[in-house]
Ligand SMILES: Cc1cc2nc3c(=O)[nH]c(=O)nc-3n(C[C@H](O)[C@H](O)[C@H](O)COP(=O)(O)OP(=O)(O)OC[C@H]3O[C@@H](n4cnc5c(N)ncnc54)[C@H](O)[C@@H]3O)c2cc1C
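First, one chain by itself in structure tokens, the form predicted on its own.
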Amino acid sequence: MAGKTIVVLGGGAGGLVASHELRKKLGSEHRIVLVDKQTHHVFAPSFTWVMLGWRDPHRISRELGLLKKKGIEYVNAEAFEIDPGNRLVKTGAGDFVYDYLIVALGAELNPQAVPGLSETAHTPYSLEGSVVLRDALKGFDGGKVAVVISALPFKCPAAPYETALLLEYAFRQRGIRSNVDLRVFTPEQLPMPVAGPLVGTAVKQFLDERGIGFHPEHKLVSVDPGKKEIAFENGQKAGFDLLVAVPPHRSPEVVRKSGLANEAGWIPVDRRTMKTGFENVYALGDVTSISLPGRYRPDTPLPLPKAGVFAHFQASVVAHNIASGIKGGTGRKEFGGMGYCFLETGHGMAGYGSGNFYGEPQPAVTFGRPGRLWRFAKVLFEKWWLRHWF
């Protein structure tokens, strides 16, 4: 059997898992090529720990070059063109003809989409942003803090709420909590709406218990750096001394111009197999668009959240099915919508939610009260992830 070439675009959670699973399932005559413009894989769930100075950046990153010892070809280059008609990917390191392609390029932050946001806001949604926010917090001794979800969709649905809860905890530990007016603004009706109203109500209760203001259905339209004021689509405005934002997201340019994407820029896929409209081309993780119809507003389907856990499970399914197809097998796996999430609340505790996000008519997701055990589990997961894949 002639060897096949599988090209994986993106070294985040999905690309990493897909590459490893394929390497384990296929012989050395088959090439697994992972292309990423970054030199390091970074464990994004720990960005809030960097924000508070609990982690140094080097501790949560690993060199992608280490994948060579796993039998995975790593190419440090940016993908410039995806040509599914000719089974070709053009990159800064040359062109790659593939038999199978996995697009796992994730979502980009696009703060420039909101006037004034990039000049004013801090964000824990990148490693660099978390470091800058950490330094800003060192000199902060009180005032108005606004945690703003700029637009939908965004990745890691629990992260803005975890950010607010951990900031509240940090202010309390420093003895300045009484000097801080801490609020969350979001376009959502409830936190994490795709997980269901019970989960959203539980998270809102966590905010209420800590005295964190919650302002739903507030879509950010502009930031006035001079006045230190944010304006929303509903006509309301709010002042701030420290602005912590989830910037708008978009897909990478190479995806938007590839012919794979829909009008919004995301790649529609079969929600069970992650197949795109092109033969032997798969997409997974944050770059995809998977609608969950009939949720709360029948005329407005909610998308499957953009989260690393989904990319992980989707990657396992894709790798299994590609390997099975190459080896002539008939067993097909499907992604069933299962996911889980930690939500750290401070005081050494975290909550844990899990369930089936494809559940009908509502997602079958449960979320328990925070405890020390789940916080310990979150620490262990970080250690396992960084050790297991590298």
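Predicted, not measured: the structure shown is a model, and the values here were computed from it. Counting begins at 1, following the sequence as shown.
The same protein has a further form, the form predicted in complex with the named molecule, not shown here; the description that follows concerns it.
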query: Interface residue in the predicted complex among 50, 350, 35, 32, criterion: non-hydrogen atom within 4.5 angstroms of the named molecule; finding: 35
query: Contact label in the predicted complex: residue 26 to the named molecule, heavy atom within 4.5 Å; finding: no
query: 4.5 Å heavy atom contact, residue 155 and the named molecule in the predicted complex; finding: yes
query: The named molecule contact at residue 168 in the predicted complex, heavy atom, 4.5 Å; finding: no
query: 4.5 Å heavy atom contact, residue 22 and the named molecule in the predicted complex; finding: no
query: Answer range among 266-274, 188-196, 204-212, 247-255 for contact with the named molecule, defined in the predicted complex as heavy atoms within 4.5 Å; finding: 247-255
query: Contacts with the named molecule in the predicted complex - residues in 9-48 whose heavy atoms fall within 4.5 Å; finding: 10, 11, 12, 13, 14, 15, 35, 36, 37, 38, 44, 45, 47
